[in-house]
Every structure is written in C-alpha cells, then in structure tokens.
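This document opens with one chain alone, in structure tokens, the form predicted on its own.
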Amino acid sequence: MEERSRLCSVWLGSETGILKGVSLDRKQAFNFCNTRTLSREQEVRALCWGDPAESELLLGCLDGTVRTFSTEKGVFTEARSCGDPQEGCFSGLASLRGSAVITCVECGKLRVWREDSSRPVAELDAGSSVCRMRQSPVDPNRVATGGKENGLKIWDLERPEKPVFTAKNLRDDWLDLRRPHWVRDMAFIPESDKVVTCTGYHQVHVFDPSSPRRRPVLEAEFGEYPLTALSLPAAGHTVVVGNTQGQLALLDLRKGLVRGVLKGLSGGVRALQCHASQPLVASCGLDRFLRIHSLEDRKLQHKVYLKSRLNCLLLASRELQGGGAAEGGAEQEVKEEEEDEVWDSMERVEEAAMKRKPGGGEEVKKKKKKAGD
C-alpha cells in the first residue's frame, strides 16, 4: 500500500494558466492560481522539478516567465522573466545543479539561467522550430533538441559551441524523394547512449550517437496520425507514444513492433509520463482528462476530469499537500467515470427527433418500456 501511494499525486499545467494537483489516493484535486492576475498569457507550457526532493515545481508560461511553486506551502514563491514571448513558447524546461534553470523556446534559443542573474550565463542556437528539449536523467548537462525540419541534436552544456551529435537526414524514399523530418518528442534510453524520438509523420526512431551512420538504427511506425509525445517505462525495451487522435501505443524498441494499444482517450495527447518503478503511464491532453493506464493489462486505472485543456504533467513520489486557497485556488471534486456511463447518459439522435414531433414523447416512453420488457 505504501508503494502504491507514491504514485497517487499528479501535477498538471493547463491552457488557462492554472496549476492542478490531483491526489488519486484521497480523491481530491486542487487548482493553484492567483485569480487576480490569471490570464491566457500565463498558460503553462512546461513543468519540471526544481529540486530532487520535489519541494519546488518550475512552470514555464506562455508570457516567457518561469514561476516557482512550493509544493510544501501550496503557494507560488517566485516569478522571473526567462524569455521574450515573441521568441515562441517554451519547448523545454529543466533544472541544473539546483539553482540553475535550462530553458528552450520554439525559435531555438537554449539558455542557462542562474538564480542570482537576470541574464543567461550560457546561450546556444538549436535551430528554428524546436518542438521539444529534453534533459538526460543521467547527465544533467546533456540535453537533446529537435523540431520541424530540425533533426535531433544532443548538446553538452559544458561545451555549448556545437552539438556533440547531429542526426543525418533520413534516406530518400523508394522514389528517390527527400523524406521530411519533424521531431515532436524524445527521451534518453536508460543504461545506453541511445535516444528515441517520435515524429509528426507517425514514426519512431532510435539513434545511437556512437554509430558513425548518424541515421536511425531502428525505424518503426504507428497509425496514420502525427505522434506528439512519448515516455519510457521503467522495465523493458519499450516506449509509449501518443498521437493527435488520442491513441496510445506500446512499441518494442528492439523489433519495432506494436505490442499493445491503450484505449479510452478522445482527444489529442499532449503529455505522457511513465511511472519510475511501476508499470503505469499517465496521460493528458485536449479532452481535459487525466488518465492512468496499466502497462501490464493495458486497462484504465483512473480517469479524472479537470475542466481545462492540459499541456503537461508530472508524477510525484510524495503526497499532495492541500491548501490551494492560499493563492486564490480552490478544491474541486475528483470524478472518475466509466466510459459506458457517459455514453448511456447521452440522448440518442433519433429519440431527440421523435420528441420534437407531436406526441413523440409518448412514443419514446413506449419504446423504452418495450425494450426493458
């Protein structure tokens, strides 16, 4: 029971600028925001931990500010400008050595900020149209970037003059036509130097920086729609990917085969995260739901409606502390509904049409009664 409680807290960032905390163990959800200044410019585009103890959350907002939230006090403690909104949204956010912050925006400006400085202490150009920046969980100074017509690059922030790895363009197709590339998300594969990416052309690629080819050592595809997010489970050589149509799939990184599909989503996936030690994956996106699936039997474990479109999420290993009212937030009830109950509560089209006819309401009642008999 103790092990299970460590996965029951989830933090999410929304389009409305509200930070949401969900405790599935206690069936509670909290909105953390300052209602006096809340606006769409504060839309939360990125989340990361500010320290290994998970006592601080860093939020990358649409207006170029990075806000610090204390998970122990339940309040925002700091806000600092880390970019110009004209440079684009945050495509990545990470902490470095506790007091430093790494930011990356869509135009490709990747910067390192220290707590005691209003100017970046390091800056590099990762190329235009960057969709995602990810930090290595093993080496905090190593980050990966990629975007539309901007292939995978791996950087060492201690030597930022040029990337330590730059992926080559994909080989031409069977008609000798150039294949476009569009990196949407990536992750460093544990216990190796490899990096896995997903693309806007429903592809999954594995790159090995130690390989002289600099092209994918594995190519796989899932579905027909753009892939938007991925995450690596704790056990096994697999990856979970999500696309713009609300489809989640588990792919084998050794053979490139689809091992299973996770069902239940009804909107584009914007964020995924697998649990660090258990076979679980959390997802969120345009349909305003937080969902947690089991990767063993692929069944839906939790489904929580959170009222706002969701951009990002973080699983917490410590229990959520209440107290959202301190920043103008409020507690909301956690509602977990089964899919069938939602559909059963909706009115059928033919029934609505019959009700509009004279005496149609009685006909509908008779049909329902007959069906019940």
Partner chain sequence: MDITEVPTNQSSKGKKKKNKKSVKAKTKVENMEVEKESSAVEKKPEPAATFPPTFSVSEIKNKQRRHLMFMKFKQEKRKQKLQLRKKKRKEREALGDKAPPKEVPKTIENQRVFDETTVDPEDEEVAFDEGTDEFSAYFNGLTNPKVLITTSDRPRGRTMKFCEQLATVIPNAHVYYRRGLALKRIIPQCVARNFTYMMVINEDRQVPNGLVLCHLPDGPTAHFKVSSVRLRKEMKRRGKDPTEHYPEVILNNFSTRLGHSIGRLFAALFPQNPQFVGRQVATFHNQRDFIFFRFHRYIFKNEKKVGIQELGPRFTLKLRSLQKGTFDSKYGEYEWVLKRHEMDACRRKFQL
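Since this is a predicted model, take the numbers as computed values, not measurements. Residue numbers count along the first chain shown, from 1.
FYI, the form predicted together with the partner chain isn't displayed, but the following is about it.
**Q** Does any part of residue 265 reach within 4.5 Å of the partner chain in the predicted complex? Heavy atoms only, please.
**A** Yes, contact at 4.5 Å.
**Q** Look up in the predicted complex whether residue 252 has a non-hydrogen atom within 4.5 angstroms of the partner chain, and give yes or no.
**A** Contact with the partner chain, no.
**Q** Can any non-hydrogen atom of residue 39 be found within 4.5 angstroms of the partner chain in the predicted complex?
**A** Close contact exists here: in the predicted complex, residue 39 approaches the partner chain to within 4.5 Å, heavy atoms only.
**Q** Residue 203 versus the partner chain, in the predicted complex: is there a non-hydrogen atom within 4.5 Å?
**A** Residue 203: no contact with the partner chain in the predicted complex.
**Q** Within 4.5 angstroms, counting heavy atoms, which one of the listed stretches 195-203, 121-129, 107-115, 138-146 is next to the partner chain in the predicted complex?
**A** Stretch with heavy atoms near the partner: 195-203.
**Q** Just one of 320, 48, 315, 306 has a heavy atom within 4.5 Å of the partner chain in the predicted complex. Which one?
**A** Of 320, 48, 315, 306, the residue with a heavy atom within 4.5 Å of the partner chain in the predicted complex is 306.
**Q** Though the partner chain is not shown, can you say which of 246, 209, 216, 260 has a heavy atom within 4.5 Å of it in the predicted complex?
**A** By the 4.5 Å criterion, the partner-contacting residue is 246.
**Q** Quick one: which residues from 283-305 get a non-hydrogen atom within 4.5 Å of the partner chain in the predicted complex?
**A** Those in contact are 286, 287, 288, 289, 303, 305.
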